[in-house]
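Below sits a lone chain in structure tokens, taken as the form predicted alone.
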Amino acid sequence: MWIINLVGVVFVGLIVWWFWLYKPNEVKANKDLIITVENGVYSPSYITVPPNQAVSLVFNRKDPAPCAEQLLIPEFNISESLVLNQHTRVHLPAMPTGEYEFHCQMKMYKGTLRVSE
């Protein structure tokens, strides 16, 4: 009985870590930054871009799951279809300082754009 409870506590701990405590590594965007969409995640998923400059990001979708097909950045009304095994360039407008989420239509794939110096 105590083994089942221990496994349950470990499982709950993993869920808490994954959804609330996990912080991905921050990557600064450059001209050639490619964001890979694979195995249910964007990699890198925490991207820093400079403020008040238009930038573009390149997404390479390797995940055939239907959810991975659509990329949304709601704050800028961006909805882009990502073609499987091809690079898709997404152009972003000049953005004020802040953090903006990007995700698939069901929010299963998530990432953050941090606009900062």
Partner chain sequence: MKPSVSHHRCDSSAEYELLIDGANCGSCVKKIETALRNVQGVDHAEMNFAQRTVLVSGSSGVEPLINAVEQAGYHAKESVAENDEAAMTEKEASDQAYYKKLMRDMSISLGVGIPLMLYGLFIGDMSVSSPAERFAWLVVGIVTLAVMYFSGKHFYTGAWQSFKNHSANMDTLIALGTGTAWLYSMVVIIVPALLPDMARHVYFEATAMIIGLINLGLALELKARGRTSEAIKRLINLQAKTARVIRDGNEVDIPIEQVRINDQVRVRPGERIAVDGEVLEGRSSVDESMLTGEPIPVEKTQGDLVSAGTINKSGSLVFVAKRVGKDTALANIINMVKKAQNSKPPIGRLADVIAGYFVPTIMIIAVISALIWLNVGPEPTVAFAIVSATTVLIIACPCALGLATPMSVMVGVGKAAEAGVLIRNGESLQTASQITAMVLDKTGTITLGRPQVTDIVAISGYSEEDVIRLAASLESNSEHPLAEAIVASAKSRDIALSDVSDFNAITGQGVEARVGEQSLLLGNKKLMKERGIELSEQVIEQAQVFAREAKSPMYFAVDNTLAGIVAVADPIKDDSVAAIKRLQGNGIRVVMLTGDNQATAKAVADKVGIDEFYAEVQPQDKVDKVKVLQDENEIVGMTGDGINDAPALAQANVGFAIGTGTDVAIESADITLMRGSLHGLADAVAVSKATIRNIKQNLFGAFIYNVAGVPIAAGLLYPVFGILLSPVVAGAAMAFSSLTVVTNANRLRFFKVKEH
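Residue numbers count along the first chain shown, from 1. Keep in mind the model is a prediction, meaning the values are calculated, not measured. Superpose the two forms; the largest set of C-alphas matching within 1.5 Å is the rigid core.
The same protein also has a form predicted together with its partner chain, omitted here; what follows describes it.
Engineer: Considering V27, V90, L33, V83, which brings a non-hydrogen atom within 4.5 Å of its partner chain in the predicted bound form?
Structural biologist: By the 4.5 Å heavy-atom cutoff, the listed residue in contact is V83.
Engineer: Using heavy atoms and a 4.5 Å limit, would one call P51 a contact residue for its partner chain in the predicted bound form?
Structural biologist: No, no contact at 4.5 Å.
Engineer: Hey, in the predicted bound form, is Q70 touching its partner chain, heavy atoms inside 4.5 Å?
Structural biologist: Because a heavy atom of Q70 falls inside 4.5 Å of its partner chain in the predicted bound form, the answer is yes.
Engineer: Does the 4.5 Å heavy atom contact test between K110 and its partner chain in the predicted bound form come out positive?
Structural biologist: Yes, K110 sits close enough to its partner chain in the predicted bound form that at least one of its heavy atoms falls within 4.5 Å.
Engineer: Taking the rigid core as reference, does the Cα of V16 move 2 Å or more between the shown form and the other one?
Structural biologist: The answer is yes; the displacement is at least 2 Å.
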